[in-house]
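As structure tokens, one chain now follows by itself in the form predicted alone.
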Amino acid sequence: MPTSTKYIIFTGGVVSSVGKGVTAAAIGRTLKQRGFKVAVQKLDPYINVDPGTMSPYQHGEVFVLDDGAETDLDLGHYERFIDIRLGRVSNFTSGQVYAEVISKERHGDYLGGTIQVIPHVTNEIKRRIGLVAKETGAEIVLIEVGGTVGDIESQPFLEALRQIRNEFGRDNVFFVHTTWMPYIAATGELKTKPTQHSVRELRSIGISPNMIIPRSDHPVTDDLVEKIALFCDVDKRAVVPMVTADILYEVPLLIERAGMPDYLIDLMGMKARKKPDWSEWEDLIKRVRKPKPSIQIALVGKYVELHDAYMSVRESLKHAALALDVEVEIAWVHSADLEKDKGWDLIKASHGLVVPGGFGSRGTEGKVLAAKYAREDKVPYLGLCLGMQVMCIEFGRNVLGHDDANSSEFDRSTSYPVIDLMLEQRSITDMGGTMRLGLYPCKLKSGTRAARAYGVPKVDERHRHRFEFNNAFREDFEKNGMVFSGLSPDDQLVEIAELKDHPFMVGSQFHPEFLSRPNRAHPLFLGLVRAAKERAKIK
């Protein structure tokens, strides 16, 4: 089954979280800079159908795509680095593979055969991998395999990829193995042995890497590169050490300087379409390094112990701050602490607040208190999904005087359900993949802060929610100073709410953080940071 598409497959060794996703995203950017059409895919070995029902403490952020797919946070890296929009085919799990195979077996598609990992599961994996090039028309597909070589869960994926190398042709499939080099402080040494063992494990299942990226927190000397090349049977040029970068977005430039893209292109028998122009990216890094005045933004969340739970929110704040020539310091505030009268020192020292999304009642009253503080003290506020809803709950309680105003998600008996279940959600019992998900249009009301921020009359934004603002109370809110500045085209769904007499208090039912880019900050985050900058009296 030969193919004209080239596949670069990223595996990980020694430890998880070694940086495969960022490496794949950065290499994707370097290939795009050379004129190639690039797509990316993440293979997740866990049995969950998708991360949508997983705790953020376990998995970090759920990143939502245009078509409503709930995916791994690495897809956020891919989109931000490469500046592309990915779809459902760009992420799949063991759960999806097994569900499809079992469904076909129940339907009788296998004609009474015994269903086995090889060939049935591996064939389904290969089918899903083939969909990426078919649906995107990409010339180069980068595939990241989640987990670490040796994990029992990832074995079917690696076996399928071994088969793909034979079926697609060895000139079309290339393996990049990313490992960790531990530093032994007692002797002041970096150790290559774990990398050697990891490569041996990979080779034992029939995959020999074409390139090895040893990751380290310390500089990797030339003799260590030679040692890895010798014992892992690759060219010295194919060993590309990557020292931990202090600036995430510098990784593509580090990869470029190491000569990795040209080596990969030569290996694939391809020629660059154009000379890469890194001037915009280099300017980005210069602006990051440039000393700037600092503002503090409090991020009031339910999962702040794990910063990855708010990966896109954090990056969006950085993008906006960079565009406005300030440094942003994020104060991580647990919303449940505010209910116990803790964490207020961080809130009061901040020049703006972000209240992101979340599910369940834990910590929501703390978010309501944060919204009350922002409204009363005229502190710039940006509410995302649940952050918009608590802003409306607080308004209902403390401006309109309805003490029990709430969301029916948290209090089913409330007599003033400011936030209620969407009509189309009321008959749904399954939790996974059943919310309002993906890209939906929003029309903006002229003259509002939201309309001024965007500068266009209509936008498309990504959603992930079940509950919405209850239209029964819309008129009451509008009479008392709430402006619904963004609505669905049929006027039935409140998309953006803002306060009339406030420097910047805006909440969106959608998740603007999913569409922010390092060199193209999202308008709502720009609005928040600009207002925070003014509060800090920075010109």
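Remember, it's a predicted structure, so these values are computed and weren't measured experimentally. Residue positions are given as counts along the sequence shown, with the first one as 1.
Absent from the display: the form predicted together with a small molecule. The rest refers to it.
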Check: Pick from 350-358, 85-93, 177-185, 443-451: which stretch has non-hydrogen atoms within 4.5 Å of the small molecule in the model of the complex?
Finding: 350-358
Margin query: Can you tell me if Arg464 lies within 4.5 angstroms of the small molecule in the model of the complex, counting non-hydrogen atoms only?
Written below: yes
Margin query: With the partner left out here, check for me: in the model of the complex, does some heavy atom of His59 sit within 4.5 Å of the small molecule?
Written below: no
Check: Using heavy atoms and a 4.5 Å limit, would one call Glu256 a contact residue for the small molecule in the model of the complex?
Finding: no
Check: Is there a heavy atom of Cys385 lying 4.5 Å or less from a heavy atom of the small molecule in the model of the complex?
Finding: yes
Next item on the list: Let me know the one among Asp74, Glu394, Glu124, Glu409 whose heavy atoms come within 4.5 Å of the small molecule in the model of the complex, would you?
Entry: Glu409
